[in-house]
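In the block that follows, a single chain appears as structure tokens, in the form predicted on its own.
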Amino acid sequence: MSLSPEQRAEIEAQRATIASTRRTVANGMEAQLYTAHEVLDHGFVRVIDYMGDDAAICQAARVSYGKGTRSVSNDEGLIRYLMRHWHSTPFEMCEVKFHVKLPVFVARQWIRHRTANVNEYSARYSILDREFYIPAPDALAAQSTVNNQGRGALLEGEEAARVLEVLKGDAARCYDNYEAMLSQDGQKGLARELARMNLPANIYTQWYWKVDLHNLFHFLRLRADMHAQYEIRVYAETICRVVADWVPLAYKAFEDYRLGGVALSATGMACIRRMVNGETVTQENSGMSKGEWREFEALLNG
């Protein structure tokens, strides 16, 4: 990861500053504040600010003045109930603001989650750094033969070397031309807002991303899933670890009911009941298509 000495100094200065406050703080998140967690080859995730904790979720659900006589076990039971029954508003009482550095093509996936506030580094005003995402060898894979959105077998040997060479060469050449178009050596140079169109989708951008906990859990349920694209999944997995420190009771319930849970159709539930009653159920008599049956079997087999 390419944090500059100035950025590292700024982070250390931020982490060294202690402020007294009357508001509730989450000790786990206080330990996380401003720390840059490395992701991919040049990316990172770090927490800039947050509001609320596990108790804030329960407080909103009860609309109470404080903890009162409730115990941690009461709070855990309430949070699990809220998660189990898909309540949303109490989780919206907690918010977090991340600073994320990520490849542009990952950002374009990420931005589809529209229930957040985003401010991105502007290539209209500033010149982007010469930093590109180049996949590690174990992330180079062919197109899946069964999933139009997924990856199949790893590329190896000469084929992998050829692809890496193309990725590196194209990225360098595009950035060289980008710089040349901006050049001030005796020429006006093209406007930054136009020159940026020549940059590849694997160049890094940065943004501040502020989201409430309910919508963050929705993002993590989709993007931390094993079927999500690797490059966005590693960001989601990093955020999962941060959230687990911030709201441990809520994250535990989320992990149990969302990440580790499954959703079944009425047809799927009917098949399970038939199996429990000793009936042999196959794709042909299940009432499912081949694709549905394949996914159903994957759920049953873990």
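One-based numbering along the sequence shown. Every value quoted in this text rests on a predicted model; they were computed, and no experiment measured them.
Just so you know, the form predicted together with another copy of the chain exists too; it's not on screen, but the next bit is about it.
- This chain is displayed alone, yet in the model of the complex one of 245, 49, 38, 237 has a heavy atom within 4.5 Å of another copy of the chain; that residue is 49.
- Contact check for residue 302: a non-hydrogen atom falls within 4.5 Å of another copy of the chain in the model of the complex.
- Though the partner is left out of this view, residue 108 does reach within 4.5 Å of another copy of the chain in the model of the complex, counting heavy atoms only.
- In the model of the complex, another copy of the chain sits within 4.5 Å of a heavy atom belonging to residue 17.
- In the model of the complex, no heavy atom of residue 283 sits within 4.5 Å of another copy of the chain.
- Residues 256, 257, 260, 261, 262, 263, 264, 265, 266, 267, 269 of 255 to 269 are found to place at least one heavy atom within 4.5 Å of another copy of the chain in the model of the complex.
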